[in-house]
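Encoded as structure tokens, the following chain is the form predicted alone, with no partner shown.
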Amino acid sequence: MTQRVMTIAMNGVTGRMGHRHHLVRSVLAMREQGGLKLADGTVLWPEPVLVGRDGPKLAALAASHGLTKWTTVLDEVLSDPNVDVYFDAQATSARGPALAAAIEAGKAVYSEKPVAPSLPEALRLAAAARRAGVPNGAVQDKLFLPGIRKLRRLVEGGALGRVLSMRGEFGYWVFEGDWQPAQRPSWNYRAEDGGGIVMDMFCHWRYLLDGVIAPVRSVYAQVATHIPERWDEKGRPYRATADDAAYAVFELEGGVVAQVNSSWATRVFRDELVEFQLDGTEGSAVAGLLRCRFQHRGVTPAATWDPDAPPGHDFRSLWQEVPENGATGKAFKLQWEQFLSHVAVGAPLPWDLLAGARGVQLAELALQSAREGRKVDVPALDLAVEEPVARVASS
């Protein structure tokens, strides 16, 4: 059996997402299973090189996982002909120039979302990657979650009939950081550092709506900063300048109406941290990260409004659990496997940098809607913007 080493420069892996989901649960997990077996029988062996700004942190992280390769100089890995892939999980404000440098160096690029802090920059990156002919991808992990896979199967199989509407609830309480540590980094709550729940989560909502139900055609949004003061990682108070909640209505192709509430200032009274309910002419489904439940029109109970009497039904018990019926695995790892297969043998990958740019577009239009107090149309994207992205500093 032939083994092929694929060297991956991983930038931003000292952060929560980069470390836990991308390094440990994806790339190192592939190594633990003996590599990634490709369709032709070749075994792909991912070899990570850790990249970042904090040398001692990188050294400690590498040692904890038995790795030896790390650097604080991005140009060092981008100029190395043995490096095949550049992956970016940095803070959003630093991502665009680094991706541009990697594309210029001829590396395949894979990026966390948002792929850039603005739509023009995201489009320039997508256009540059297309001109350079380098494989490129954007993380769209929610599509690979068990609950969403089951939901998509119901929609594609016609179980819901004509989809009428979707209601989504996402969020949890992120502690302010004074009396309990915050579960998210402080930059998430500073607009000047690229923070905000709209830029973070609407990138997800775009590919979920487009990929599971129908393309987004318009958005109306209201945003808020409910918690105006928070405390950073060193216990210092700071003013939260970014939105920590957003309430949006999307119109999808075919007249489907989708409502999604997103908040880091809400307490969970749901089975999972995110849940989506789709209602259709033939049935309804409720999906979270892991579970998906379905109710067909033939077993839908007759609900009668009577505020003076018990409801008469245990409504939750009348829903059917949807089985997995397919490949299981962690969402981030599944997409990593598809991306590396795309790089190695050209396996199809629809989630490129242009797909990532669509998420940035929806986030910007939602913020515009909130500023202007009106519904905003979502136009189709192209790669007409050709201006170069500023080069990243070498260290």
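Quantities reported herein were computed from a predicted structural model and do not represent experimental measurements. Numbering starts at 1 and follows the sequence shown. Here, rigid core means the biggest group of C-alpha atoms that superpose within 1.5 Å across both forms.
Keep in mind the form predicted in complex with another copy of the chain is missing from the figure; the text below concerns it.
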Is every one of Tyr86, Asp193 and Lys234 in contact with another copy of the chain in the model of the complex, taking contact as a heavy atom within 4.5 Å?
-> no
Heavy atom within 4.5 Å of another copy of the chain in the model of the complex - residue from Ala91, Val73, Leu289, Ala132 | Leu289
Residue stretch of 209-217, 270-278, 124-132, 97-105 approaching another copy of the chain in the model of the complex, non-hydrogen atom distance within 4.5 Å = 270-278
Though only this chain appears here, would Pro379 touch another copy of the chain in the model of the complex if you measure heavy atom gaps against 4.5 Å?
-> no
Close approach of Trp187 to another copy of the chain in the model of the complex, 4.5 Å, heavy atom = no
Using the partner position in the model of the complex, report whether Glu282 sits within 4.5 Å of another copy of the chain, counting heavy atoms only.
-> yes
Mark Lys57 yes when one of its heavy atoms lies within 4.5 Å of a heavy atom of another copy of the chain in the model of the complex, and no otherwise.
-> no
Pull the contact list for 299-313: residues with a heavy atom within 4.5 Å of another copy of the chain in the model of the complex, in sequence order.
-> Thr300, Pro301, Ala302, Ala303, Thr304, Trp305, Asp306, Pro307, Asp308, Ala309, Pro310, Pro311
With the core lined up, does the C-alpha of Glu229 move 2 Å or more between this form and the one not shown?
-> yes
Glu321: CA shift of at least 2 Å between this form and the one not shown after core fit?
-> no
Indicate whether Arg131 shows a C-alpha shift of 2 Å or more between this form and the one not shown, with the rigid core used for the fit.
-> no
